[in-house]
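Below, in structure tokens: the form predicted alone, a single chain.
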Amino acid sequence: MENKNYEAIIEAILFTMGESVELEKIAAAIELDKKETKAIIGRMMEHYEDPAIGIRIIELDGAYQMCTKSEMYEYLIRIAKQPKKHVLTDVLLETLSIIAYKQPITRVEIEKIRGVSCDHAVNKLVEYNLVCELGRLDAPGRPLLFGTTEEFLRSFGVQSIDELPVLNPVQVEEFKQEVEAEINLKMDI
């Protein structure tokens, strides 16, 4: 039998799963019987009692879970209370501007404008609460419609989408000509 670091494997399993894992599943994963596995976890639980370690393993009805020691909660709360800083990449900003100006809009319509898949960008914008689902389009497949949120308005310092800057019609025409020229160039290649 090869020499495995069972404690490291169990630790990785419990850390990654983030929820309780049954003894049987852990034993099967490390290819040991339940008695041996339980003994290893017991040693690990003793090790985690060290005050210099901020986590522990708890047993929940024949399953085990890695969690934070209660003495650490006040520090976790301090971190959780800090405002999250969301980074808007160029892709996210481009997708957000399309949604802001064309809402309500479907993913397919966004992808037509951008020319690439937008699933990740839309999902991130929903996660950041800048975009939300507004309902479904009354069309085959009933695709989701997306629009901006109040958080979007707050973040960009506007009271309504009507306050968003409007492109100069001359600039719009120039952009159209540039796009058409680029399309024609690609077709010639």
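Everything quoted here is computed from the prediction, not taken from an experiment. Quick note: we count residues from 1 along the sequence shown, nothing fancier.
One more form of this protein exists, namely the form predicted together with another copy of the chain; it is left out here, but the text below deals with it.
According to a 4.5 angstroms non-hydrogen atom cut-off, is M72 in contact with another copy of the chain in the model of the complex?
Yes, contact at 4.5 Å.
Hey, in the model of the complex, is G147 touching another copy of the chain, heavy atoms inside 4.5 Å?
Looking in the model of the complex, residue contacts with another copy of the chain do not include G147, since no heavy atom lies within 4.5 Å.
Partner proximity in the model of the complex: I55 to another copy of the chain, non-hydrogen atom cutoff 4.5 Å
Taking the distances in the model of the complex, the answer for I55 is yes, it comes within 4.5 Å of another copy of the chain.
Residue-level contact is defined here as any heavy atom of the residue lying within 4.5 Å of another copy of the chain in the model of the complex; does P51 satisfy this criterion?
Within the cut-off, so yes.
Could you run down 70 to 101 and flag each residue that has a heavy atom within 4.5 Å of another copy of the chain in the model of the complex?
Result: M72, Y75, L76, R78, I79, A80.
In the model of the complex, shift in Cα separation for N129 relative to T16, 3 Å or more:
Compared with this form, T16 and N129 lie closer in the model of the complex.
Direction of C-alpha distance change in the model of the complex, E127 to F15 (at least 3 Å):
Pair moves farther apart in the model of the complex.
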